[in-house]
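Quick heads-up: it's one chain on its own, the form predicted on its own, in structure tokens.
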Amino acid sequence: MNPVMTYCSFCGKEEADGDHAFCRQRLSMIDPPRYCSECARRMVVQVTPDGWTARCSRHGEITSAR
């Protein structure tokens, strides 16, 4: 069985690969995720005045839920 890998939602690299403090800071402030945290695929992101939605072709959609 393959180990479960998670990916940074901002830069798309493996979470275990380096320090992602800058990425977490950007995601917590204003930027929507750009990469799926489950498979590292680039997501389709839409930003509106009310928030954002990000959709992975394999894992579905997440929203800012404001």
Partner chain sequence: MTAAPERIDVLDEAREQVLERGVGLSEAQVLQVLELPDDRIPELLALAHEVRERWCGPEVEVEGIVSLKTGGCPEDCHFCSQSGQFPSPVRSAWLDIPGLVRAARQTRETGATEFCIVAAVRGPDKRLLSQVRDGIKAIREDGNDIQIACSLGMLTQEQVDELVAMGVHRYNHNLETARSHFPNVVTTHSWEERWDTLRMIRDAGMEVCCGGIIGMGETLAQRAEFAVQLAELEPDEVPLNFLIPNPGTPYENYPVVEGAEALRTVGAFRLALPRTILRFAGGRELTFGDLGAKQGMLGGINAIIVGNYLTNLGRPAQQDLDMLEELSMPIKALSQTL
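Model, not experiment: these values are computed from the prediction. Numbering follows the first chain given and starts at 1.
The next section is about a form of this same protein that is not shown, the form predicted in complex with its partner chain.
In the predicted bound form, its partner chain sits within 4.5 Å of a heavy atom belonging to Val44. Among heavy atoms of Gly18, none comes within 4.5 Å of its partner chain in the predicted bound form. Proximity of Glu38 to its partner chain in the predicted bound form falls outside the 4.5 Å heavy atom cutoff.
Contact residues in stretch 20-40 (any heavy atom within 4.5 Å of its partner chain, taken in the predicted bound form) are Arg26, Met29, Ile30, Asp31, Pro32, Arg34, Tyr35.
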